[in-house]
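Listed next as structure tokens is one chain, alone, in the form predicted alone.
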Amino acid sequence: MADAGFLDHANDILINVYGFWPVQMAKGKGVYLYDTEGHKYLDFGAGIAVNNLGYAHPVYTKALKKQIDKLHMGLCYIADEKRIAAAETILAISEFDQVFFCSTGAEAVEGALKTARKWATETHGADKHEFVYMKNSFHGRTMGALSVIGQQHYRDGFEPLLQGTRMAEFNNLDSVKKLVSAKTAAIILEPVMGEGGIIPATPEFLHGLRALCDEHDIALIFDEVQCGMGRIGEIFAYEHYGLVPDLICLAKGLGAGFPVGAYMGKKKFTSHITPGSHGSTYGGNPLATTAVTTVIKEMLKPGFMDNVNKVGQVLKDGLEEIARDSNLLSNVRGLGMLLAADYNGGPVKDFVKKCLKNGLIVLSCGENAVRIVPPLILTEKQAKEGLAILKKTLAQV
């Protein structure tokens, strides 16, 4: 555990928006983290669904070390070979025409919103500028992203936000239809809601949105920052549902720990973003795009996605078994390795800290849910190890 003096110092000099845990991590290997006192932790948090390849992955670290010796940063005006390679790699496995690389998920959301609005106003006129978003959604912490977040506590203290946004009910198509008008430029949502509690969209809802957007010429934006990049058992979450959005936002697992985000789209929409209308100083730098290409190639190797689905099912089955035996856990849900269950034993953040003391890192989400988002390289044996610690911690409660 971290020294109390160290935590006091951290709270003094850092703007502490996280509520630091009482631990200092020194290194990571595979799906395990080790603190400065040598204690070992099985990681079911993965940097908030980021570290898809775990820690110190040999192919990943070798690629980044090799690139940093050559060129770590270049001018955004130069389309270097690493950016082109990353673009070719990700577009080849998607249904989109163009990609813009940035640094974060919130930045990807901002780019998609700007693209949708610019397309809509230039195509249909200035009145077509509104966005429809979902209750309990999460899209990032910048002002534009906050404007389409469906959780008030994230917005408190920062309003008034972007005007022309309307909130619908997730998985309720009629609620969306009531808000759609000639002014609607785009509908934005997470195919699997993340911070809102790990709630998958129903296929009927997403296909209904696709038809609605086609009927009214509205851009459909999928925020796959958390649920994309293999997290639910497909490279892209939209593949699980058998439909394609017009714009898609990515980050987190896209760089497996290196800060990188992106949004992709059809040229019908992205062609409206012209030189000078958008940008990102660090977006698409050689190190970031090397990470992107390396991550995707690893995930495309035979057996990788099979492991996500197989071990993800082991986790889900194990959680359901624990829930049957304990009244402290209920409502197990999710897809692939994006899972959650409601915790009924008091504040969920207290339970998260109890798991930490027992050597297991889990996260919270929503009002009372335990979130399970391990590295995608997790094995069946390691999954059962984590479930055993979870069960032990519940027994202690």
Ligand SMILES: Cc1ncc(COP(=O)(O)O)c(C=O)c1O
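Predicted model, so just to flag it, every value in this text is computed and none were measured. Start at 1 with the first residue shown and count on from there.
Just so it is clear, the following notes concern the form predicted in complex with the named molecule, a form of the same protein that is not shown.
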query: Triple contact flag T104, G140 and V225 to the named molecule in the predicted complex, non-hydrogen atom at 4.5 angstroms; finding: yes
query: Selected contact from E195, E130, E234, E298, since only one has a non-hydrogen atom within 4.5 angstroms of the named molecule in the predicted complex; finding: E195
query: Partner-proximal stretch of 237-245, 217-225, 84-92, 172-180 relative to the named molecule in the predicted complex, 4.5 angstroms, heavy atom; finding: 217-225
query: Neighbours of the named molecule in the predicted complex among 234-266 [non-hydrogen atom within 4.5 angstroms]; finding: K252
